[in-house]
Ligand SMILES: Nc1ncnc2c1ncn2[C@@H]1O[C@H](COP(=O)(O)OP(=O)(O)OP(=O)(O)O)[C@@H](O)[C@H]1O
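What follows is a single chain, given as structure tokens, in the form predicted alone.
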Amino acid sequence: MSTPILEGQGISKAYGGVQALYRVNIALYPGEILGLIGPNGSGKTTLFNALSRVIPVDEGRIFFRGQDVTDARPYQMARMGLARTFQVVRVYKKMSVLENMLISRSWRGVRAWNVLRPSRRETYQRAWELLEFFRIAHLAHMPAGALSGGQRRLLELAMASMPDPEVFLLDEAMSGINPALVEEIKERIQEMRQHQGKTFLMVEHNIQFISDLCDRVVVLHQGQVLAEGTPQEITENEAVIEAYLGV
């Protein structure tokens, strides 16, 4: 395989007496969709927070496009081309969908008060193109707080796309979404990978979604990597079945 675009080597993180991660190795390759699964409390979100530099690590190193970014800040990771979503959708509820898109452009170094000026045609054009791509352009002038859970997820993905990142870290992006919108999001992710060369690492509890979409899957259990392989290999792995699938 090629050189990883995002890599964690020997990542450890403890909170008081609780060892959330212990010497975790993970590698994400360009153009890949990698799934990260595991029981509740297995360390998935902690690993996401470490890789996106939201939290410091106790041990280990993190690399992005071959550069050591262990000491980087989240805004620096965003400017380098990494986008991150969270378990709880983060949108500006009182602002319109379009305004949410425009303010997201500031994640890559454009001042917020500048992106809202009508004279910034390029920013407006990109916002509208992305709203159309994610099929929510008809909601552009609605308050983001009035959207359904699935529509907010689509908006969050569109917002994350505004700075044109190379890598997306999606934390339980399918949580609480009706099946029709799950399929919509799946199609958008597949298209972004296939036609735009985007790379994805995603935490997800929907095993069918992971099986349909991911090239590889990493399983965390009690803060360590339990297994790694194709979706089929993972669903047939007895240790994974016992620890995660519960059957």
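All residue numbers are counted from 1 along the displayed sequence. All values derive from a computational prediction rather than experimental measurement.
Heads up, the form predicted in complex with the ligand isn't pictured, but that's what we're talking about next.
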| property | result |
| --- | --- |
| Heavy atom of residue 87 within 4.5 Å of the ligand in the predicted complex | yes |
| The ligand contact at residue 39 in the predicted complex, heavy atom, 4.5 Å | yes |
| Any non-hydrogen atom of residue 11 within 4.5 angstroms of the ligand in the predicted complex | no |
| Close approach of residue 99 to the ligand in the predicted complex, 4.5 Å, heavy atom | no |
| Partner-facing stretch of 192-200, 45-53, 58-66, 211-219, counted where any non-hydrogen atom is within 4.5 angstroms of the ligand in the predicted complex | 45-53 |
| Stretch 12-26: residues contacting the ligand in the predicted complex, 4.5 Å heavy atom cut-off | 15, 18, 20 |
